[in-house]
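Single chain ahead, by itself, as C-alpha cells, in the form predicted on its own.
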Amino acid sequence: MRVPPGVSASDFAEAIKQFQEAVGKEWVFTSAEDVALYRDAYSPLMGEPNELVASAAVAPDGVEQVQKVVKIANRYKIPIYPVSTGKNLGYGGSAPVLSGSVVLDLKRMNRILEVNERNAYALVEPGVSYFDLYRYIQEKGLKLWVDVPDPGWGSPIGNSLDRGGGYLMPQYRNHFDSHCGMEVVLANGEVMRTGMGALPAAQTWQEYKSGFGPWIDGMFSQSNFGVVTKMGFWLMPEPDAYLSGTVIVPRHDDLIPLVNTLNYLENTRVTNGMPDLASPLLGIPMLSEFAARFDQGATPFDRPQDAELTALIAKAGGNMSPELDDYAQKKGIGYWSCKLSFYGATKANAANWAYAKEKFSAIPGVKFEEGDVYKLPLTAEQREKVHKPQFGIPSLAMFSIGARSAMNPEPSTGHMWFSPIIPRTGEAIFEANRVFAQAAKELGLPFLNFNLPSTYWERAFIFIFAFPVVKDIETNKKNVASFRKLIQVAADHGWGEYRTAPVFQDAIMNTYSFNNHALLHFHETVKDAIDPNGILSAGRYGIWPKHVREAKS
C-alpha cells in the first residue's frame, strides 16, 4: 500500500484503521485494484513514475462522517483530496494533485434534500449527479429545468465548484453563479454554512445569496479551503416555448459586427439561450449540430467536395483572404453564422427574434434562416431530434467525442483541455486564431485550421482545444511540453485559462502574476490560516500548504 508523502507507515496504518471505524470498513479502499479506479483515465502522465495517483480512498455517507475523516486526517497530517463523483475527465478526473493523497470520495452523499418548484431551487449533496436531479424532477412532475453541461454525468456541486457551464438562460448557464448557499466542512472539522444558511432558522438559504457580511462562497470554488457537503442551486422554470433562428453573414470581416450585435442582444436579454457560432464556408459546425451527431451515432458531416474551396482555405491558412470572400459571394455561401435561441412565451420569442433580425440587418448582405419552434414540454419524438442539454436534459452523447466512430476512426486514449478565455469581439477571435495557429505550427500541433470559440458565458469567449492523450509516453511528454508553452503564449497576449488538469495548475496559476503574484500570496495566506496542516487538496489550483512550499524552495 502506498503511503502519503511525509507520513510514516505506522501513522498511516493507524489512520486507515480510524477511517474504517468512522465510515465502515467496506468504505475504505486500500487494495491496488480499488485505488486504481481513482486514477485519471485521461492522464498525460499515464505509466510514468510521476503519475498522480492516490494512496487510498474513503467514502463517507454524511456530513458527520466527513467531519470525523477530516479530524483523523488532521491528527495524522494525512493529505486528503475530496471529489464529488470524479467525472472531471479532461481536467484531471478523480486523481489528486499531490500524489499519494487519500481520495475523499463523496459519491455516497447522494441525497436530494429539497426541490422547490414554487421558488425554483434545489438543495443537493455532492454525490447527486445531473441525471439524479433530472430524474427526480421528472418523477415528481415538476416544471423545472436543470442547466447541464456536456456530457452530463458529473454532479452539480462538482461542476459548479470547477466553474463549468451549460446551455440555458444566462443566469443558469454559469453554474457557480447559479448556486445559492453552501455547507462546508473546514479543515478543523467544523461545519459552516454560507449566506443566509448562517442564520440557524434560515427560511431563505437557497433564495438570497449573500447573507450578511463578506460573501465568501467564491473562496470554495477552484480552491482547497473546505469540503462542500451541501449546495443550493437556482433552477430554470420550464418556459412556455422555444424558438431558434440563424443569422448568416457573407464576408470575413462581418464577424466583427456579428459579434457586436450578438453581445448587445445578449446583454439586453433579447436573446436568452446560448448562442452558437459556425462557418458554413470553412466547414466549422455549430456546437449543437456537432453534439447532435453523437446523439445520432457520430455520423460524419457531409462536406462539399470542392477542390477550389479546399485550395483557397489551405492558401488562406486561417487569415483574411479576398479570394475566399469572392468565392463565398459567388457561391452564395455564408462566411459566418450564428444561431440564436429564445426561451419564453411564444409571442415574446417571435417578437424578440424579429427585433434581433432588425438589429442584424445593419450588416449588408445578411440572411436569416428560421429554426425550430417548440411548444414545451417536448414530445418524445422532438426529444430525439434536439441537442438535449439545450432543453435541460442530461446526455452522455458528447462523451463519445473520444470513442471510435465514423467521425473518429482512430481515437486517442483521452484528451486534456486547453481552455483560454479571450475578449468577446470578432477582432479577438481573429487574433487568437493567428496566435494559436502560429504557435501550433512551431510546436507541430494539429489545430492549424481556423477555430471558433464557445459562448457558454456572457462577456467573454472561451476556446477549448483538445490535446490528445495516447499510450505512447514520449508522445504524451511532447504534448505536455507543448501545452505548457501554449499556456505562456496565451498569457503573453492577456488570455488566461479558466480551468485545467492538475498537471498544469501550477503553470497556469503562475501566469496570474500581477504585482509579484499578489493573488497567489493571498490564497496561500488563507490556506495557512484555515488549514495549517495542509490536509485539504494540497496543490489544487496552485495553492500549496506551507510545508510543501518550503520543501520546494
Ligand SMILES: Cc1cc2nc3c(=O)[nH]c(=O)nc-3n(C[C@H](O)[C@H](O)[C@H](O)COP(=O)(O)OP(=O)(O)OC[C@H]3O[C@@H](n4cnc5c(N)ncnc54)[C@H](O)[C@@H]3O)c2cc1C
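Because the structure is predicted, anything quoted here is derived from the model rather than measured. Position 1 is the first residue in the sequence shown; the rest follow in order.
As for the form predicted together with the named molecule, it is not shown, yet the points below apply to it.
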Self-check item: Candidate spot Thr85, Leu106 and Asp162, all three touching the named molecule in the predicted complex (heavy atom, 4.5 Å)
Solution: yes
Quiz item: Using 4.5 Å between non-hydrogen atoms, is His523 touching the named molecule in the predicted complex?
Solution: no
Quiz item: Heavy atoms within 4.5 Å of the named molecule in the predicted complex: does Trp336 have any?
Solution: no
Quiz item: Is the gap between Phe342 and the named molecule in the predicted complex 4.5 Å or less for some heavy atom pair?
Solution: no
Practice problem: Answer for Ala356 alone: is it within 4.5 Å of the named molecule in the predicted complex, judged on heavy atom distances? | Solution: no
Exercise. Name the single residue among Ile80, Val469, Leu235, Val228 that comes within 4.5 Å of the named molecule in the predicted complex, judging by heavy atoms.
Key: Val228
Practice problem: May I ask you to choose, among Val247, Ile157, Val146, Ala73, the residue with a heavy atom within 4.5 Å of the named molecule in the predicted complex? | Solution: Ile157
Quiz item: Which of these stretches, 478-486, 194-202, 422-430, 85-93, has heavy atoms within 4.5 Å of the named molecule in the predicted complex?
Solution: 85-93
Quiz item: Judged by heavy atom distances of 4.5 Å or less, which residues of 372-396 approach the named molecule in the predicted complex?
Solution: none
